[in-house]
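One chain comes next, on its own, written out as structure tokens in the form predicted on its own.
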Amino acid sequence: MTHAYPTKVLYIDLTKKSFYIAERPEIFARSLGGTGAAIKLLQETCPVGVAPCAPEAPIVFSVGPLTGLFPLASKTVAMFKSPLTGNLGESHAGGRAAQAIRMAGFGAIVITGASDLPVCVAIHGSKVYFRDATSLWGMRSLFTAGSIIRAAEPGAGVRSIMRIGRGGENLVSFGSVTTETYRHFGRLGLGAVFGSKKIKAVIVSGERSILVEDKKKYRDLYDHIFKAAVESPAMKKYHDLGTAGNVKTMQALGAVPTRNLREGRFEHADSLSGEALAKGYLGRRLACAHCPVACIHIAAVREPYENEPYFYKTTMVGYDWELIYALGTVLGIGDPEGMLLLIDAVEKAGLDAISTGVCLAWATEAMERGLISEKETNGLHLAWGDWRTYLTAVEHLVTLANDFYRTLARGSAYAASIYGGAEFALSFGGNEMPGYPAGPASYLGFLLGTRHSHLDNAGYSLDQTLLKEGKRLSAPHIVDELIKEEMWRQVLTSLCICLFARGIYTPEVVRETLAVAGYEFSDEDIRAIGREIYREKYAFKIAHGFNLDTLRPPDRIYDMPTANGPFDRAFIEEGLRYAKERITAIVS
């Protein structure tokens, strides 16, 4: 049994195959946990100037004080130095990992060093074991590797298995880490950091219980949040269709990124919509631990065996809006089955789907423009909608088949710096563009977020709000709104709340849940924590080479009209100048 807020940090040294546990109450007292604890631990353990894949570069996992206590506190935060951008790497995953870490008794795990041979790091309560994973290294499908680990490792039912595929093993800079098959630490290359340390998997299990002092207050508050989650119209949408329900919304806005963002509407959008996929392919829904919503949608794809016309295999493939965008619309793929099979190939390889799709979209347009040829692509003719050829390209990418694919494995911005085409490489701060380009606030949000992601500050949501209200804001005003929103999100991600539940976890609810967990904070205290975490994240970025002066969007964004009307280079540049002033003042 443990107190409602975690204070223990597990430190693992892969080089020495050793570990120790330290009480760090000062880390959690003012940072809450999650993002706040992770950035503090990253600052402590990541030397300035260290290469992202060097043994000295740490991996930090962190959970929050609400993990295991309240619904939708289901995320695990991972922080590391990104192989893709060279500065702050931050990725969040659902599934069971957060519950497993919390029930093992930890608020955070810090992994440093590098193993000489492939290992699985098995954490069972307060014990850590280093299992030989040589036989799993290089396995074609990370799903198969996961099945073998599940059969061999104890702790079923309370266990999480976080593992990499060939993408991470081969140090593709956007290699991902998969947990519970359909959840991922996807963005910014955590998989490559695992691979550099020869970690095939991290397994965590624990069976502790959590003590709360006021059980009645806890139960009443739990019931209130649970009821809000299951009765919320937004949460019902996530359950019924998942984020794939956004396809028709984005199509109506003219914000479906099509053929490398050359168009904003896709002629086959209806075939890829959440409604169409649910009707034609939906096999099951899944939920993260301690979540009543079940927003994870799994398609069942039936494929005939070659030379056996009456025998089929069924492949289960997770899908959501970001996957539909990155491995569907941005590549011009309108065949839902082809898109699902491409998603499956990317997942088995252990690659971030968004970066993979955007890199292939850049390569397709680069081939159209004559910047690359079939000599570079290993004989492939990349063409919009040709999912079969993209399947082969993914295999070449994950195996680093030649110099071109080795270059592409470092991201679209780097590939464009070698082959040309930077103006249509959809990279923001070094990270490939997410699927919500709704207008100028979206693009400024992609650039200015501490992770260069739409989940940092929801610029797309601001664009939609302004459209609904018929308003236009100046670039500085948009920047102010983005920074304000991102500071609040630092609180939610420090509590490890799923951001789908941000409308449920209002400042009042956050304060009440923290009180139940043993924290007594005022609203201003909580917001001050969010501001400080934002400051620390930007301070880390700048210390590790990030430069606001070099931040620029791809020229392609100025060619695509938005529902909010036109905007120009001067508008974005004004926003960036103002943002530099504000962020510099915050960090100083």
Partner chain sequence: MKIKVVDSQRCVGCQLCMFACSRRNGIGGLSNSCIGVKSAGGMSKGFTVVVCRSCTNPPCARACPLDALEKRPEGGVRLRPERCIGCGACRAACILKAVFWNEETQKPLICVHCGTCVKYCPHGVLELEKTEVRS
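Positions refer to the first chain, counted from 1. Here the structure is a predicted model, which means the values were calculated and not measured.
Keep in mind that the form predicted in complex with its partner chain is not shown, yet the notes after this line are about it.
- Taking I418, L473, L211, A515 one by one, only a single residue has any non-hydrogen atom within 4.5 Å of its partner chain in the predicted bound form, and it is L211.
- Just one of L391, M316, I148, A252 comes within 4.5 Å of its partner chain in the predicted bound form, counting any heavy atom, and that one is M316.
- The stretch among 477 to 485, 175 to 183, 372 to 380, 504 to 512 whose residues place heavy atoms within 4.5 Å of its partner chain in the predicted bound form is 175 to 183.
- Its partner chain in the predicted bound form comes within 4.5 Å of no heavy atom belonging to K217.
- Taking the partner from elsewhere, R96 is found to have a heavy atom lying within 4.5 Å of its partner chain in the predicted bound form.
- For the chain shown alone, L286 is a contact residue for its partner chain in the predicted bound form, at least one non-hydrogen atom being within 4.5 angstroms.
- Using a 4.5 angstroms limit between non-hydrogen atoms, F404 is distant from its partner chain in the predicted bound form.
- The three residues G68, M103 and A156 all sit with a heavy atom within 4.5 Å of its partner chain in the predicted bound form.
- If you take 226 to 258 and check each residue for a heavy atom within 4.5 Å of its partner chain in the predicted bound form, you get F226, V230, H239, in sequence order.
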